[in-house]
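What follows is one chain in structure tokens, specifically the form predicted on its own.
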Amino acid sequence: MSKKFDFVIRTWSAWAPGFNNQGHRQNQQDMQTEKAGLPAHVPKALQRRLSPLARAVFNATDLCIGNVATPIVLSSAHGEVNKSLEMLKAMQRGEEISPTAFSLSVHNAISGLFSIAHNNHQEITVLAPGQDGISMVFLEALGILHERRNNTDDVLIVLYDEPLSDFYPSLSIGLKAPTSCALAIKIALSGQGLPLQLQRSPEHRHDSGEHALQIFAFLEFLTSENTTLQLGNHRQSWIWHKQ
């Protein structure tokens, strides 16, 4: 029998074109051009540095931040890779690239901006889980909670992705988001909220290996009456149970 991990979702929030911050679908008009709004407390100087993907993260996390800084685990299949591509194109044209532009194109760029905006000096981890999907961020967050049981009450999980540029070839494993999206989830080992259980299964899943699509699958799980969600890849799968 595989180990079971019990935890509680204290609060969550999401942003994607056509959805409000609790995941319910809104007006479909101009979905692809919709931009995420920013919390008023984000400094103007910092706002100018935020890409559309970073804006989605800041929007989704606003309702989950709270007054006490917590450890954070972020997960994105590609991060700001589209920014990296634009820099390479600029270099090909013979243009100079600023250090600031480079620093904002690396995979953990958004986490750095986030820590500055919220003055968060807690542990921040950024994952690129590939085919292993969103289960990896839950395992990382649960590991932090168990390791720091007496020093932290909760951990903030942030899942985010955006469509890749058409420049990149189609991947057989399908790690491409259909639209920009961000989902923030604050979890704890106990307390008030939605009790969940996470369990590994040896069952293979050939139909749900896309990391970005798993964000929407989990969002639907949160907003529906479904009590079980199973996601995985060709090696294994993970099952979330509402208790």
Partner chain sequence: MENELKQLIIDALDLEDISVADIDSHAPLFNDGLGLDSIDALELGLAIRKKYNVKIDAEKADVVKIFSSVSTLAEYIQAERS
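Between two forms, the rigid core is defined as the largest C-alpha subset superposing within 1.5 Å. Quick caveat: nothing in here was measured; it's all calculated off a predicted structure. Numbering follows the first chain given and starts at 1.
As for the form predicted together with its partner chain, it is not shown, yet the points below apply to it.
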Subject >> Non-hydrogen atom contact Val68 with its partner chain in the predicted bound form at 4.5 angstroms >> reply: no
**OP:** Spell out, yes or no, whether the shortest heavy atom distance between Arg200 and its partner chain in the predicted bound form is within 4.5 Å.
**Re:** no
Subject >> Touches its partner chain in the predicted bound form: Ser103 (any heavy atom, 4.5 Å) >> reply: yes
**OP:** Check whether His41 has any heavy atom within 4.5 Å of a heavy atom of its partner chain in the predicted bound form, and answer yes or no.
**Re:** no
Subject >> Heavy atom within 4.5 Å of its partner chain in the predicted bound form - the one residue of Ser98, Asn119, Asn151, Gln92 that qualifies >> reply: Ser98
Original post:
Going by heavy atoms within 4.5 Å, which of 182 to 190, 60 to 68, 47 to 55, 213 to 221 lines up against its partner chain in the predicted bound form?
Top reply: 47 to 55
Original post:
After the core is matched up, is the C-alpha of His121 off by 2 Å or more between the shown form and the other one?
Top reply: no
